[in-house]
Structure formats: structure tokens, C-alpha cells
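As a starting point, one isolated chain is supplied in C-alpha cells, in the form predicted alone.
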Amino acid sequence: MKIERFEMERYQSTWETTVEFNLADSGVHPITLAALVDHSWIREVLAREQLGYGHTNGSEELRTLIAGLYHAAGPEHVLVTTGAAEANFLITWALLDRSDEAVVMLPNYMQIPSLARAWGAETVSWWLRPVPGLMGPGTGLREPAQWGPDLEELERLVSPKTKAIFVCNPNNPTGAVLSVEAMNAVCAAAARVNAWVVADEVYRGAELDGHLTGSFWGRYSKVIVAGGLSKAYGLPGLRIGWIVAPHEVIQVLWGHHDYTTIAPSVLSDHLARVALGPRVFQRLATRTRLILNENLEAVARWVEGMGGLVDWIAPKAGAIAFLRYRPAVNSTELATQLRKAHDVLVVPGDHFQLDRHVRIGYGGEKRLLEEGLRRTGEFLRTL
């Protein structure tokens, strides 16, 4: 088996610790251990934790807390993984064989299509596209444009060979959120050919309006969901992800998990239980919403001040914005020059198969975001 180079992750891993202004991060600014738990708890509880393997599928308490995020799910429906990246790896490994077909929403975090091809499956691209805003009834005002799915195209793409439809909702890199009608249509298209719906929902919880995105879980009997604490809750260092799936599927995935990381960190499991407790979880969600709304205003002002050199469709969720720029230069070349000349890191759009775009993360410190944008604007004007 040969696996493609994961261009975006390799690019970020190579440069994100070397630049002064990292606008490539896709999550909310991480919190500290002291902000998550107090010193007495660290001393009396965490410091006494035995550093063993713990529960290889995640402690029952943690799996119960995760299940509580999904309608009618129980701990038997949950497998705890080392980040959502391992969740995606296990799901594609278990589901896809040679000659299978996978319909994949694009743009997307490009792990899924690369893994699907590595397992020998054929990938079929289903693109989100910019949709102009409709005129509001009786108001004379046009609604904002958005990234939207072509559901008629999905119907044409799904075939008897389709083993699974893979979606990312809220979407990376666009920050788009599927409507309930679109989610139900995805499930109906899958049901027509008895395919799975696999939903990467790692940005669920990072909605700008504070309304939690509905999950695909519970909309159809053959749904598998991946999630985690890294993006929406500022806890990437815990490396806690999860899979929510029918119990029999969880048992299969747990067997595959034996070949990868075996178990989540016992310390991370314990800290994740704290994070998902009702009071702390609400505090983390509020913190995320405040950071994203304040920082997105800074991005909007910057786009407005660029005089048409940059345009965008503002995200509805997530700590990422997908920007289209006017200068006729390849996005990887642009990102490389920007990094070398101004010490700013952005993600090239061609990593998502959409050149003449860049993805920026706006969930970090506002001071660094604004200076990084200022330098980016200065560079774009020279082009």
C-alpha cells in the first residue's frame, strides 16, 4: 500500500513552529491546564493518577459524557481515539476495500480522500460551491452568500457502488454549515443504495451564533460520526477524539484501534472528563464563541479594507476563513513568499484543490491575528 503525502499537514508541521504569525492553525487558542482545573485538583487527583493504559476504548465515564452530546446515544456507541485524525483513519480503514466507491464532500480536510485511495477505493468528488444570497421576502435586502451543496448532483453521483458518503460539517475550510434539509437529503441518498454516511463533526460547537449544529447521528441507521476536543474547545494537546457509531461497528473499530494507538492517554481521559462536565463544558463553549466573534470582526474589517484584492464568504462556524485573492499567483507560491518575506503562515488553497484561495485561522490571539493580516495585506498589495 502506498499513501499520498498529506500536503497540508506536512506543510503546517514543517513551518508552524518557526513563524512569528501562525495563521494556519484551525482551532481556538488553547487553554492552559490551570484554566481547565485548579491546582488543588491537580495535586489531589491528577498527580495521584496511575500512569497505566486505562480503558483502551476510553473510560466509561468519558464515553458516557461524549454520548450525551448526541441524541439517544449511549457509552456503547462511543470509541475514544487519539484525536479526530485517528477516528477518520480507523473509519476509512474499516469501511473501505478495493473496488468500493466513496463520495467525498469537497473542499474538505484532505485526510479522507487520501486514505480512501490508499485503501484502494475510488473517490468521487462532491463539491460545495458559492451560492449567491437570496433576496429576503418583503425586505429588499439580499442575504449573505454562502457555500452550499448541489443535492441534485449528489443524487447523480451516488451509485450502487457507493459504500459511503463522507461529509465535513461544519466544513473545513469554508466554515459552512449544512441545513437540516441538506443533511436529511444526504441520508436519503445514502439510504437509496444502503451506503454509510460518515460525518466529520470536529468543528461542531464552534458556531458563531451559539446554536449547536445538528449532528448526522440519529438521522439514519447507518451513520458514523467523528468528533473531538481539539478544534471547538481549545484542547488540542489532550489529543482526545471519538467515534460515535452503531454498537456492532464500534466493536469492529475497537479491534482496528488495537493496531494503532491501543488506548488514549490516561491523563487525557481524566482531563477530558473534566472538560465535558456540564459547568466546564459550558464555560469552554462560551469562551469559544466570544473569541470567534471578536476575531471575525477583525477579519471582516481587514477584508473590507483590502479594496477588492480579497473577497470571501464569511464562515458560520469554526475558527477558519477561506479567502479568495485577486493576484494571479499560485496559492502555494504565494504562501511560501508570504512566509519568507513577512513571517506569516497561511494554508494554500491548492491543498484543498482550490487554487487562488488561502485558508486562515482566526481563533488565536487577536493581537497576532491583526498583525498577521496587516502583513498579509501589505504583501498582497505588492503583487
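For clarity, every value in this text was computed on a predicted model and none was experimentally measured. When you see a residue number, it is the position in the sequence shown, counting from 1.
There is another form of the same protein, the form predicted together with a small molecule; it is not shown, and what comes next is about it.
Residue contact with the small molecule in the predicted complex: Y109 places a heavy atom within 4.5 Å of it. Among heavy atoms of P113, none comes within 4.5 Å of the small molecule in the predicted complex.
The small molecule in the predicted complex comes within 4.5 Å of no heavy atom belonging to L128. Taking non-hydrogen atoms only, N57 never approaches the small molecule to within 4.5 angstroms in the predicted complex. Only one of the listed residues (I243, V198, A272, V202) places a non-hydrogen atom within 4.5 angstroms of the small molecule in the predicted complex, and that residue is V202.
Here is the short version: of N172, N295, T92, T288, the single residue with a heavy atom within 4.5 Å of the small molecule in the predicted complex is N172. Residues within 4.5 angstroms of the small molecule in the predicted complex, judged by any non-hydrogen atom, belong to 230-238 and to none of the other stretches in 208-216, 230-238, 71-79, 302-310.
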